[in-house]
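Coming up is one lone chain in structure tokens, specifically the form predicted alone.
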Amino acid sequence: MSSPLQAFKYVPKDTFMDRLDPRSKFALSLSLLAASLASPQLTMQLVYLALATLLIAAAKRLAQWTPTLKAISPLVAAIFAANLIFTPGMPLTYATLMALRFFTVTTSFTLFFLTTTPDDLSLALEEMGVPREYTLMFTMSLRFVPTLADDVETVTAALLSRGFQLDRGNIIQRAKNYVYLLVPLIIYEVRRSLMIAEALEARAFGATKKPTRLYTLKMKKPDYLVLIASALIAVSPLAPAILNLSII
């Protein structure tokens, strides 16, 4: 699957990022997001984006990240153009800053989802006190996003094999053509949801509020080092101000 939804599909790899606790990985992604949103400097945005890209490369996920990068490029261009047009008093660097900020935020959370299994994410949410029902709902929505993309490709291929072209005609005709894609897709997903509901009922989901777990999460030394690094990244936007005060 070469769609941008690969960002939600976990592929097992033996890397440093994969072996980390999901809570430390989430803290790292959250610190990159917070630092990117707080920093008004273009140079720091480039540093955060480069750091997130290096982490994805270290996790050996560049091939999965590339389709997502291509998919968000038009949106990044739109953000750049909108800031350039609707903020005429701002310099060109401001529009560039906003575009890079969106890139950094997207890349930071792509790093988290590419290196974290849905099961580990579920355990981490339960460890943080999130109710089990909400944890299941969130993790299953992420788990089945790539599956939904596969279903779209399957139905589209079936329509093409029958000589039906979705991109045929004008805009109104194309919108009508996609009805033939949506109807079987909705039926397909309703059937899957019923199967999942039956599977949960067969496993007595919700019978007890505190079920026992086969696996438990445990923070290790590398996780604490990542937490320290995350804290440093989070406060890094304050570094220029601190340096200016020290010079004065």
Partner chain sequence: MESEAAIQVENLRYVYPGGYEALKGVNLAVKKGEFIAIMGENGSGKTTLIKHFNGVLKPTEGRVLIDGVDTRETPVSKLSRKVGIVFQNPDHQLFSETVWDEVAFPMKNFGFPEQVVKERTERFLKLMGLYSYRDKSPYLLSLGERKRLTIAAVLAYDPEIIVLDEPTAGQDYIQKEHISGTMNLLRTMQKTVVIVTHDMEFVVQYVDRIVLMSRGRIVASASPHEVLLNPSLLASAGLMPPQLARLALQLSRAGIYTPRRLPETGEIVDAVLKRWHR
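Note that this is a predicted model, so its numbers are computed, not measured. Residue numbers count along the first chain shown, from 1. Think of the rigid core as the biggest set of C-alphas that the two forms share within 1.5 Å after superposition.
We do not show the form predicted together with the partner chain, though everything after this point is about it.
Although the partner is absent here, residue 184 lies within 4.5 Å of the partner chain in the predicted complex, judged by heavy atoms.
None of the heavy atoms of residue 105 is located within 4.5 Å of the partner chain in the predicted complex. The partner chain is not drawn, but in the predicted complex it has a heavy atom within 4.5 Å of residue 157. In the predicted complex, at least one heavy atom of residue 191 sits within 4.5 Å of a heavy atom of the partner chain. Proximity to the partner chain in the predicted complex, taken as heavy atoms within 4.5 Å, picks out 161-169 from the listed stretches 91-99, 78-86, 108-116, 161-169. Once both forms are fitted on their core, the CA shift for residue 119 between the shown form and the other one remains under 2 Å. Relative to the superposed core, residue 173 shifts its CA atom by 2 Å or more between the shown form and the other one.
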